[in-house]
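What follows is a single chain, given as structure tokens, in the form predicted alone.
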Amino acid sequence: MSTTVWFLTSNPGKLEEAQHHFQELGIEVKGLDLPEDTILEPQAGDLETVARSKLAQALAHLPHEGAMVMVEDAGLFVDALDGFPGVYSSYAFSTIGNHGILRLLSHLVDDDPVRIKNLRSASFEAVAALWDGENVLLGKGVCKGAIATKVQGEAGFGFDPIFIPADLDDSGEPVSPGVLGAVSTHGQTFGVVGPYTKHQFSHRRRALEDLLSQLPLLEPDE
């Protein structure tokens, strides 16, 4: 079996992160950066359907038969908006942006920090899908949190400056609002904290780790 995974992405940060995780299994990850509009974005309500569609389309553009290919899709799901923007996060960010999401939630205010986090609860979710030459494997990751009442910081990308992640316990699981965890941004958004801190919460990292846990038999070529 091939020990190279072609990752359908034009984002160098995503590619570098995937390379870091896969190298422990002796698997090289290379970017599959196709011309714009080569892969059509499906109209679907969940990340798994979108990822499977993109994976199926990418198979026609692999450099050789039997190669492995991976796609990754992520989105922001706001509970008070019935999961919007979800799979449409990229489009929503390019049209209404962070301030648009804040306006949609402007009626959800409360002086109590715990109640407001519950009112404005949200999550970043990711799905990593891999065609291993025979089967489709799926890895899923979730980062729970809440939407801030204003934009904070300029780091990261997308909706990072309005997303406050839930604190994590010693095992990396989210704790209830109002409980100080072992890992915390202390109420700051992803737009404020540095890459190392954000990585500890990362939904994309969790999706990749979930995917890799399903590949115990993959070994580098002798």
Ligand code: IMP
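Predicted, not measured: the structure shown is a model, and the values here were computed from it. Sequential numbering from 1, following the sequence displayed.
Same protein, other form: the form predicted together with ligand IMP, not shown, and the subject of what follows.
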| query | finding |
| --- | --- |
| Contact residue in the predicted bound form, chosen from G158, P177, G31, P174 - any heavy atom within 4.5 Å of ligand IMP | G158 |
| In the predicted bound form, the one of A74, A122, A129, A148 near ligand IMP [non-hydrogen atom within 4.5 angstroms] | A74 |
| Stretch in contact in the predicted bound form with ligand IMP, which is absent here, among 59-67, 150-158, 22-30, 165-173 (heavy atoms within 4.5 Å) | 150-158 |
| is_contact(F84, ligand IMP) in the predicted bound form, heavy atom dist at most 4.5 Å | no |
| Residue contact check: T95 to ligand IMP in the predicted bound form, 4.5 Å heavy atom | no |
| Exercise: R206 in contact with ligand IMP in the predicted bound form, heavy atom 4.5 Å | no |
| All of K14, S90 and K198 with a heavy atom within 4.5 Å of ligand IMP in the predicted bound form | yes |
